[in-house]
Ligand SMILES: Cc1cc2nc3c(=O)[nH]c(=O)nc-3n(C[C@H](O)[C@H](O)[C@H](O)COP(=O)(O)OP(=O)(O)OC[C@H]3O[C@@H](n4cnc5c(N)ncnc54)[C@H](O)[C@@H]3O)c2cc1C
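This document starts with one chain, in the form predicted on its own, laid out as structure tokens.
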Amino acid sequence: MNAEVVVAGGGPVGLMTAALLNAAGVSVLVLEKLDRPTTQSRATTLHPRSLEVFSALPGLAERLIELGRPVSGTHFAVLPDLLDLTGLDTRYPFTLLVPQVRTERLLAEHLATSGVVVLRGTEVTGLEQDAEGVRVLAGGQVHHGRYLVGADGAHSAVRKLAGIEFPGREPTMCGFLADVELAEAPPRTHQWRHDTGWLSAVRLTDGVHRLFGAEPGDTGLSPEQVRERQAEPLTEGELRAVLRRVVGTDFGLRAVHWTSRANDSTRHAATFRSGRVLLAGDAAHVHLPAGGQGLNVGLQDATNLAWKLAAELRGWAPEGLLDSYDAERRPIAEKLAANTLAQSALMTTFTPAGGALRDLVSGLIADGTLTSELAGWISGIAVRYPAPPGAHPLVGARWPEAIGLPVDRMTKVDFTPDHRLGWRPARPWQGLAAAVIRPDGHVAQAWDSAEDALSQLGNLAGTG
């Protein structure tokens, strides 16, 4: 089959990329190696910025909120004091607990309604690219596209076939994950002891709890030991025993829906672009699961990438726009790696000194010292991209009202009190008179005076 963009990977990141491209009028084909949708939810949390991203697809953010459970705070390194998100400048000042399978199903239904083809049971096994496009061998057939997006997970075939290196840190710990039904609700969401380990029990929906944690013996492992442990299924009996060792009870465990093991391997791609091949999500970065950051950063990769591909294909992209995907998103992956490694140290340093460090950091969160910075980063609300020399200081920042923006063009925003520019009216922000907002909600250009905006706007492509 032919499409302007071929997306490898039918998880949330690949489906979001396809949905945004389709909304921008780009023909897209999704290739997924699994022959049916997964029933396992590795991620359970959507952050405020991701909900803003979903708002670009009519009705999806609201539908997700109906399917999930909003909570006002989120943890950092399973510390007892949570990050309060209620003060964030967004329509969605909360995290949404929603199993990944529901997010994936909603996106798949949206694509089906939009006429986007998702070929299941179709694993990418080869690719060739030239100045005109990409030829993708998958499922015994050759599919042609102008570009290929690899959103095919941590063991990405696209990344390997494109020859993109994936440097980073080998794993040293192997914890546990499980979705279960409990007869007794745990007294606290996060329980940590330096002598027995840690357990987190997050209530999802339909009476299911997500359990995750580790014991002291799960740390300080060699990469080979981690791989051996991950190859062994986590049985119900073993899970019961782990719970009793860590917190002294299995909470009347009565049903196990799914179990897995997680490690702290931390890597990111050396580049997010190689010619006409681009990477997003776990194909571009992996790390210890910590508060759903992997899924959410992946969704924001998709948002940054989709409009740039659409602009390139429709001919209004300025020179170097597609290269800016790597320039903007790879530093985010680098910060993500550092962030999750720091959380890993706080979660798995099972010593009295580790406990003292946890108390110190938790106290800094409780008194507000760290809350704003950490909440802004984890939520995605504070992410901003570097501006070119001489640009207005707000270029690259996220516009707080970035809800439901058109995905196929820039948006002109009028902050003047009487809206005399005649552009999209908005409440005053940062003393600006006007701005042009990218489809992903970040500022492309800004002006302190309406006159400057009118005289300079013609230099910016894609404003329509």
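When you see a residue number, it is the position in the sequence shown, counting from 1. None of the values given here were measured: they were computed from a predicted structure.
The protein also exists as the form predicted in complex with this ligand; that form is not presented, and the subsequent description refers to it.
> Place this ligand on this chain by superposition, using its pose in the model of the complex; is the pocket open, or blocked by 3 or more ligand atoms lying within 2.4 Å of backbone or C-beta atoms?
By the 2.4 Å criterion, blocked.
> Counting any heavy atom within 4.5 Å as contact, can you tell me which stretch out of 273 to 281, 236 to 244, 323 to 331, 215 to 223 lines this ligand in the model of the complex?
The contacting stretch here is 273 to 281.
> So in the model of the complex, is this ligand close enough to Ala18 to count as touching (4.5 Å, heavy atoms)?
Contact with this ligand, no.
> Examine Trp258 and determine whether its closest non-hydrogen atom to this ligand in the model of the complex is within 4.5 angstroms.
Yes, Trp258 is a contact residue.
> Test of understanding: in the model of the complex, would Leu31 fall inside 4.5 Å of this ligand by heavy atoms?
It does: once this ligand is placed as it appears in the model of the complex, Leu31 has a heavy atom within 4.5 Å of it.
> Is there any non-hydrogen atom of Thr348 lying within 4.5 Å of this ligand in the model of the complex?
Thr348: no, not in contact with this ligand in the model of the complex.
> Quick one: of Pro93, Pro171, Pro186, Gly292, which gets a non-hydrogen atom within 4.5 angstroms of this ligand in the model of the complex?
Partner contact (heavy atom, 4.5 Å) among the options: Gly292.
> Using heavy atoms only and a 4.5 Å cut-off, determine which of Glu123, Glu228, Asp89, Glu165 is in contact with this ligand in the model of the complex.
When this ligand is considered in the model of the complex, the option within 4.5 Å is Glu123.
> Judged by heavy atom distances of 4.5 Å or less, which residues of 80 to 102 approach this ligand in the model of the complex?
Stretch hits: a single one, Gln100.
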